[in-house]
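Listed next as structure tokens is one chain, alone, in the form predicted on its own.
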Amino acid sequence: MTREIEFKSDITVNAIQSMGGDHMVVAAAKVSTCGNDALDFTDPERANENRGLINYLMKHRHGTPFEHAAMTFFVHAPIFVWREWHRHRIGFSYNEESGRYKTLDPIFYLPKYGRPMMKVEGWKPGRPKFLKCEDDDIHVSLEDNLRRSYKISYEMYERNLELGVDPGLARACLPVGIYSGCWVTCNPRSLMAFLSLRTHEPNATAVSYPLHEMELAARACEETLEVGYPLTYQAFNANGRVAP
């Protein structure tokens, strides 16, 4: 029997845990000159007195001190977002739900009204820019196309499962608009590399033009960096959002 299809227009990013902070960046850097005395800098209260050191490390791209901390997120996003996110391999760990071992839930992505989607004049794939759709008929048609294709594909998926075939094969008819849940763990250095590519900041040293939905996810992760590592975050922005 066909399950009822659910439609979503958001990317859910839940910050689960965070280890370390600015003080660990300082402690990791201090070991090169202080040896065992670097242990004294693991006190979070000492981070602020070393604001200049963190900025120096960022500016001159001494990156390894930013690897001695970690953040874990649980993310629910469409497969087309994961295709881009999984390209970030260095410093990232992933564990994703598997269509080989569970029946995938019928949850599919629909864009919100106002999502930039119309190509600008002179559009270039290397620098993709889009405008908000001013024609409601276009958005309605797009949404109708997606709803219809999702319904058909999931019905075929269920029929494939009923045949008793390998679930990993049965899912082959499903589109990239279906949602998938995944654990994501990274360190501040890898997250900054991620943010530099997956957010659009006109004043960044290297301006990026990310997929809209990918940027929504990246911005949610950025909030965790800003709150948990404020000195690191400030230095990241002050130095053109270039990962060290």
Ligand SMILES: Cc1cc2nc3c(=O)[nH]c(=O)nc-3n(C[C@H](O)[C@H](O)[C@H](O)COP(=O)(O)OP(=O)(O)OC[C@H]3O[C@@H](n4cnc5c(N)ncnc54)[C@H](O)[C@@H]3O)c2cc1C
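So that there is no doubt, residue numbering starts at 1 and follows the sequence shown. As the structure is a computational prediction, the values presented were derived from the model and not from experiment.
What follows is about the form predicted together with the named molecule, which we do not show.
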- line: The listed residue (172, 118, 138, 90) that reaches within 4.5 Å of the named molecule in the predicted complex by any heavy atom is 90
Candidate from 180, 42, 208, 55 lying within 4.5 Å of the named molecule in the predicted complex - any heavy atom: 208
query: According to a 4.5 angstroms non-hydrogen atom cut-off, is residue 197 in contact with the named molecule in the predicted complex?
result: yes
task: Considering the named molecule in the predicted complex, find the one stretch among 62 to 70, 47 to 55, 197 to 205, 33 to 41 with heavy atoms no farther than 4.5 Å from it.
output: 197 to 205
